[in-house]
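A lone chain, given as structure tokens: the form predicted alone.
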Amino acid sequence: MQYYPDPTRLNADLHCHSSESDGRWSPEELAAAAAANGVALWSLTDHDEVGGISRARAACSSLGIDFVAGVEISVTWANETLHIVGLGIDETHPVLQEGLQSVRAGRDHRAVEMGAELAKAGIAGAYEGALRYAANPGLVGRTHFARFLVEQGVCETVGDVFQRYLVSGKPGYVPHRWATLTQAVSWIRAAGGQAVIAHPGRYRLNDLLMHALLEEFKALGGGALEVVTGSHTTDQYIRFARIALQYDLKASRGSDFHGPDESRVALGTLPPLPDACVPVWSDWKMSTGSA
């Protein structure tokens, strides 16, 4: 057991997705890619699902990478869908398991409705097509539909899909009420984890709403903000580093990798956290492959 030396320079990637949710690669393939890119500390954070964690942990143990169990929980807050990452969780904890099951329960109904909405726009068979891309049929999501639309030649890339379909005001969009912020943070904390607001730069929140979110998150026991992430610009790294310091939140780092040609950056290739940040892992004790 040891603390990490010079923690701000650590190549940690604490946000990515496997085929257990909407990623393209298996937990083992992700672990191998992380090792190949020099990742020293890795977390698998599938959407509302922890089924890949035991495989990811075993793969990291064989590769000599420190692993921390994670999850990304979908949240509805101020009519916006947010994502809260839980790090260092006990994935077997019953409170977390029951909470995640409640979130997953609404996903299939929503997916059927998304297929029906796309059919109205002239795109038939979208639900069945999305299912073919979902290794876990209980977690069919927008990314699986996007891959189907690319396959059908409706759009060139997954990114193009999210400009024209599956978002508010566009064909195929179906709103859904996810967990509350209170629920997500409480489930993570019950399971012994640290709650992190994922990719805050993606949310359509003005300064007032961002302040309200951060204040509520802190009051609930949330502990960190994702500062360096695949969907942030360099300017946003600096902005959210300052915000993390302002609100006395630790900083996290993660690629949000889903697969080649679908993610802005590869696993483990982000720049380090800004020097002023206090990394979320700064006081973690780890033993290789087993956290």
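Source: prediction; values computed, not measured. We number the residues from 1 along the sequence you see.
Below: the form predicted together with a small molecule, not depicted.
Contact annotation: G141 falls within 4.5 Å of the small molecule in the predicted complex, judged by heavy atom distances. Looking at R110, you'd find a heavy atom of it within 4.5 angstroms of the small molecule in the predicted complex. Though the partner is left out of this view, C155 does not reach within 4.5 Å of the small molecule in the predicted complex, counting heavy atoms only. Interface residue remark: P137 is not counted as part of the site for the small molecule in the predicted complex, having no heavy atom within 4.5 Å. Taken together, the three residues H47, H83 and W178 all come within 4.5 Å of the small molecule in the predicted complex, as judged by their closest heavy atom. Though the small molecule is absent from this view, in the predicted complex it lies within 4.5 Å of a heavy atom of just one residue from G159, G192, G201, G125, which is G159. Of the candidates R57, H232, H258, K250, H258 is the one whose heavy atoms come within 4.5 Å of the small molecule in the predicted complex; the others do not.
The stretch from 116 to 124, 159 to 167, 93 to 101, 217 to 225 that comes within 4.5 Å of the small molecule in the predicted complex, counting heavy atoms only, is 159 to 167.
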